[in-house]
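Okay, so here's just one chain, in structure tokens, the form predicted on its own.
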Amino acid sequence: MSPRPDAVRGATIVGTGMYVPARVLTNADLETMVDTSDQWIRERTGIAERRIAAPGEASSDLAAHAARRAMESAGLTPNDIDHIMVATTTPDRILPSCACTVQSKIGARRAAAYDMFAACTGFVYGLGLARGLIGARVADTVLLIGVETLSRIVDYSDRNTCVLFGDGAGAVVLRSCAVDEGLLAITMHSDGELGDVLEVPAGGSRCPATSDTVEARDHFIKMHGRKVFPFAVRSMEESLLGALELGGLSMADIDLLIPHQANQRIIDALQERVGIGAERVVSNIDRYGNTSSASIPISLDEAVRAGRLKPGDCVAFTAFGGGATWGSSVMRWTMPAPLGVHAAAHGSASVDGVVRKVGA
């Protein structure tokens, strides 16, 4: 007997992909640009290097590469995609959406395409929206992409922020599954009162671009770091525990935790507070820095290709970001390990296994 057309169904990830630019900006490179040092950066952030988009390389370019890899991983074609959702704070331009540009680049002519703006929590928010679309039978196949070219809005004269951020894209394909598999629970939160903790002051309708805003460097990221740290740890802990409770799980059930890669000290503090061993926590911030909405899907794709997830495992995602936004999700993994689990997934210059390092 076929299911009722209005029957609720679950949603699960059936394909993953990532892409990072070839250019590597090291801490040593930054030492020549601002008053900083490799030791200072590593001790405070855990970051050793980050990827930087090439001139003329925009968010949609990175996103399209990651999307193609995710679709290939899922064994699907662009014509199979019903919705394209792009989580980003750095679209190619204000109009049209980055998602529509990606749609054109990958040839997904059937898909509805739109952007979602939730800063570093964008991918987790996207999982919630994709689950709702698939569960309500509005869509059968959703392509969710987190992408950033944060190097375009980083002030490289500000040593407190320029050391943190990098560029990259991660993507997943979601399809339907049994309601007790795939995404089990998601929490999503925001507090607009904390909007000035992490912001880009100018460039929107409140403060459009003028010669004065450019001179004041108000089109770059401004961050109050001392306020971010305690909020980040507390918000991720609370939302993660909330998602676990909704899913009827505990931290002991989690085989892999993939937190937003903002700062290694934040990841370490979260790990200690929720009581999970380092061997069950994914961290790649040393190589990519903070890639905002792209950090979790990049980390997920690397974990999948390294064979760190198998069907039946429980994986949790948690993030916080500007807005302020925060949220978590837990899922029971259904996707089998891909062939060649250690395959590289980096930019074009690393296809042959050689990564070219260049300075600023």
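This one's a predicted model, so the numbers in the text were calculated from it and none came from an experiment. Residue indices: 1-based, along the sequence shown.
Heads up, the form predicted together with a small molecule isn't pictured, but that's what we're talking about next.
Item to complete: Could you tell me which one of 263, 151, 90, 141 places a heavy atom within 4.5 Å of the small molecule in the predicted bound form?
Response: Checked against the cut-off, the match is 263.
Requested in this report: Using the partner position in the predicted bound form, report whether residue 226 sits within 4.5 Å of the small molecule, counting heavy atoms only.
Outcome: Residue 226: contacts the small molecule in the predicted bound form.
Considering non-hydrogen atoms and a 4.5 Å limit, does the small molecule approach residue 333 in the predicted bound form? No - in the predicted bound form, heavy atoms of residue 333 and the small molecule never come within 4.5 Å of each other.
- Could you tell me if residue 42 has a non-hydrogen atom within 4.5 Å of the small molecule in the predicted bound form? Judged by the heavy-atom cut-off of 4.5 Å, residue 42 is well away from the small molecule in the predicted bound form.
Whether residue 290 contacts the small molecule in the predicted bound form should be assessed with a 4.5 Å heavy atom distance threshold; does it?
Heavy-atom contact with the small molecule at 4.5 Å: present for residue 290.
Query raised in the report: in the predicted bound form, which of 124-132, 263-271, 185-193, 211-219 comes within 4.5 Å of the small molecule (heavy atoms)?
Result: It is the stretch 263-271.
message = Can you confirm whether 19, 53 and 102, the three residues that make up this candidate site, all sit within 4.5 Å of the small molecule in the predicted bound form, judged by heavy atoms?
response = Not a single residue of the candidate spot has a heavy atom within 4.5 Å of the small molecule in the predicted bound form.
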